[in-house]
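What follows is one chain in structure tokens, specifically the form predicted on its own.
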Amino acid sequence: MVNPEIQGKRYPRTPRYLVGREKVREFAKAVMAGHESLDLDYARSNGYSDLVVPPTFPVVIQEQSLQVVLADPEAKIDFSRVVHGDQRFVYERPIVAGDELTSELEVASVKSLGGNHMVTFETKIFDANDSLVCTAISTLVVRGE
């Protein structure tokens, strides 16, 4: 059973993550993203300083924060009972290769519904200048016993 007392809890920032070109290309191929994520010349000719990450790429950064929550014994989240419920991204600016990013997660809500728990996380992703670049919002459904 998820501990409802974790609602509002903030977890420490993750170490910096350098967005690498080849990681962007690998992710872009996997999700069939556009040329701005695969072709550096194309990205630059369209006004970007480097390859642009596909819209769902920040999940790579968010995952680091989620690992911290899942390892927190206070949270009492049994990962073997987790189903992904929802995922959204709110961008402040495009993320490009070369960005160094950190993330900071807050448990936005914990709700019980029909014996299951819905835990919503809001993960803010910051660049090396400490500017917010994206907020990743996800909900995990933790199935009841």
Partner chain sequence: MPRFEELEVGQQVAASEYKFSRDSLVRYAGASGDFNTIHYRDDIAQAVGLPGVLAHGMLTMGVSVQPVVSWLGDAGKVLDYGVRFTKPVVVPPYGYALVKVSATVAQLDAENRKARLDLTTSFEENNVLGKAQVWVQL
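Only a predicted model underlies this, so the values are computations on that prediction, with no experimental measurement involved. Residue numbers count along the first chain shown, from 1.
From this point on, the text means the form predicted in complex with the partner chain, which you will not see here.
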_Three-residue site Val2, Arg21 and Glu104 fully in contact with the partner chain in the predicted complex at 4.5 Å by heavy atom_ = no
*Is Glu36 a contact residue for the partner chain in the predicted complex, using a 4.5 Å heavy atom cut-off?*
yes
_Partner contact for Val90 in the predicted complex: the partner chain, 4.5 angstroms, heavy atom_ = yes
_Heavy atom of Val52 within 4.5 Å of the partner chain in the predicted complex_ = yes
*With the cut-off set at 4.5 Å between non-hydrogen atoms, does Met32 touch the partner chain in the predicted complex?*
yes
*Have a look at Val110, Ala97, Val82, Leu40 for me and say which one sits with a heavy atom within 4.5 Å of the partner chain in the predicted complex.*
Val82
